[in-house]
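Two forms of the same protein chain are encoded below as structure tokens; each is given separately, as structure 1 and structure 2.
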Structure 1
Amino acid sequence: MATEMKNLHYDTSYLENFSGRRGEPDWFLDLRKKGLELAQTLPLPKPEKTRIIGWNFTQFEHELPTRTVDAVADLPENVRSLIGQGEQSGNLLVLHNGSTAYATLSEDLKAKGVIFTDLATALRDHGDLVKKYYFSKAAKLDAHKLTALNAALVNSGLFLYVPKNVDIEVPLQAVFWLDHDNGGLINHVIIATEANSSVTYVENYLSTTNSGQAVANIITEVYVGENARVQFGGVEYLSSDVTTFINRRGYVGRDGNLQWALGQMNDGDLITETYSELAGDGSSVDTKAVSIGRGTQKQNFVNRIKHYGKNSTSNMLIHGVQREEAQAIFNGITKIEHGASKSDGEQTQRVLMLSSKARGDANPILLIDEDDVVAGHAASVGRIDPIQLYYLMSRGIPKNEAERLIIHGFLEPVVSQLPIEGVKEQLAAVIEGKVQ
């Protein structure tokens, strides 16, 4: 009866207890059990050219202490500094070790039927709605061991629902803050938008652990309704002791538009995929992501776009900086399926190498099963252009400062896209810290 997973000290009765204490619906517990079963049989994902054998995805503490605060002012400085000010505040969810520490949503948005809450609460209050989207069209539970593990042990999450015809002008912000040594952040985010709606969502991942043993397993599903628009900003700065799996997946309906702007500034080993499925005719996606690798960190970045709809458009811009002895693989995959006529898929991946010991690989892949399309790719791995450096220095700027300017400029396409000033400044500051 007890399905003991190797290296994983959980069984179905543990799940029943855990789920029961959270008041989860039966269907959700069933998915946990299914996840646990599959997590023992399914293989790990196989990121191309990155060996993840031996990475710690399974050893962590699952039930973490959390605390709540009454006001933003009571949050620690490193969390507080991220939070939007003035017009950009007011719609905020801070999760501390997986549970809500602070939450606020404007009366106006509540009245319009917007739901913005942690997953546990959403399961209790809007179970049927969550069921419609959880591991639905965007993400598969049985893709591999880590997706199954996410289903089995999810202990953190967020549900954002935007009803039909609702345009949200102000950004909604979430902060996922992990500060428990050996903690496991098993997070599942759902953003569901109905037809003709629009929303801007910004999330931050922040960890202040230092044990060398923490784990983050993150799945995000974004549903863009017909003619809806989702701007998704994400900034991650998980510390070097966190082994991270992040899978963000967008499903875009007819004439829908999805924009990803991701600053992936983690310091630990990472495998990540950002996937967008252009399901509807006239749908579009814009993926922009930047990262900095340093130390001995190993990272694998996959950005994947699939065109099914006719007249669908995709753009991908990936910029990575590699320092010290960091290693990273960047795979950009644009696939245009048969029938997706008049579609256009463009991708650019650039890697800037700052050290001779760093390694970086950019692999552009275009897979096209339709004649009547436009597609293009560009990829490069290179060093700072000495002529650019000379130009800046010829104006009196010292060499290290000139390099800094060039690196900031290289990462600017994403920094400039982030809609919350605090997050933008924080990302600029993290970049600054990581390139010094």
Structure 2
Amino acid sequence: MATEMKNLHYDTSYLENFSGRRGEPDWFLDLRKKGLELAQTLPLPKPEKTRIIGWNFTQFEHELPTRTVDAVADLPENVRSLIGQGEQSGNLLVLHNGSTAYATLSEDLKAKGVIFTDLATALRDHGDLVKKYYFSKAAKLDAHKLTALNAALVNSGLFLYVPKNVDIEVPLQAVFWLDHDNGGLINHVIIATEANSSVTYVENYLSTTNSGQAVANIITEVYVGENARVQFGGVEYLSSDVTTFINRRGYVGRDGNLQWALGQMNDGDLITETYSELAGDGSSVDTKAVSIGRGTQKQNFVNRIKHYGKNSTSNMLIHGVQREEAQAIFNGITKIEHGASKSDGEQTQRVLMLSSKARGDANPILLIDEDDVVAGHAASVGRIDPIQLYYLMSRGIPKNEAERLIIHGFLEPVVSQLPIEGVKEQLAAVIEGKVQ
């Protein structure tokens, strides 16, 4: 069944029926209703220098046809090509149009109390645990219309829980795959790690829609416990007919460490924010991201870090490439709050434009409310170096091939530092596809 949602024309009766069919707990339905009420009145987000009025965030089909498979070999080739270390380690979750198509978790991790499952199953089997983290300290349900809409209509998601003192040495991987024209992927991911635990999580977003107007509304909450470590790798490749909103938020406890490694390779219009809150003393975050804009797409990237804990450390390294008539805003914001003494916040943003019609703005911002800190930023925006291009072409390399090599060279300083080997390999393949 495909139920179309236009301009928020749906009611609590629909939510009750949808939630009831999924066997969700009452508290979750209550949050759906609250989200629906807020979505009717809250404004859209207001990304700096990006006009999103007229973007399609609300018109999509909500209940989508899904399929299951018995083995990875039964998945389409473009989905299989994304699956790497997750399959090798026996820890893999593939969601097709919001529902589980294939899932496996090693017996060893199950015995240790690790939970790695789709959100619908987690709500049925571990509802009280999900409630502890869902729209808790990281994400805010009432931030704006799109966060409220996520709460009201979430139809996809994942819950990963790592108990205290559990060190997961192998990566866990999730693939979110949308192939329904005009479909809405309203996704919510929760990663929760208790004290002294560690995990590497890799996710991929892929759409294989052919026409229409699809929507991806994605919220991720990452909770890093005391002295815990989370490596988060993500590669997105949603097609040009998908309007995308992504809000990733991390909450880091005392001496915890969070690493974001992101390849943002979508082809459609996009607004995204990666936010990290260094709540505990000695906490740290490292954000590395690369992106390529092409065609006429418009993108707005915000990377925001707040220091609350003493001796907290942050580093941000962002590289973006703009081709043809693509436009993008890159905002990097580091805030050191009063009381976060001995903290260190550094950020670097670089944007390369390959066309006279392409536009990329890098805006580094430091907000310092504490004296005893170290902070710095660097930013550059420019066109391709004609000397580099001339040098390569003088060696017999065609212009298109020379530009391809320059793009790879420009992104390599970030890609090479990504902490997850599987993400490096996937990202290299996606970059090659986008620069051809």
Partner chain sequence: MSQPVLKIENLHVAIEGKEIVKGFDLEIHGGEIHAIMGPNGTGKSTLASALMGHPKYEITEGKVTFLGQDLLEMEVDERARAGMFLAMQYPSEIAGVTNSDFLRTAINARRGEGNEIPLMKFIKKLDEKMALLDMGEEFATRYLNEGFSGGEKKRNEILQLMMLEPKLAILDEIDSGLDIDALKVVAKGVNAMRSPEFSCLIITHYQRLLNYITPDKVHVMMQGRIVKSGGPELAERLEAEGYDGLKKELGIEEEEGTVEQEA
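Counting starts at 1 and follows the sequence of structure 1. What you are looking at is a predicted structure, and each value in this text was computed from that prediction instead of being measured. We call the rigid core the largest set of C-alpha positions that still match within 1.5 Å between the two forms.
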query: Selected structure - the one that is the form predicted together with the partner chain; finding: 1
query: Threshold 2 Å Cα movement between the two structures for Glu16, core superposed; finding: no
query: Core fit, then Leu389 C-alpha moves 2 Å or more between the two structures; finding: yes
query: Cα displacement of Ser416 between the two structures, once the rigid core is superposed (Å); finding: 3.5
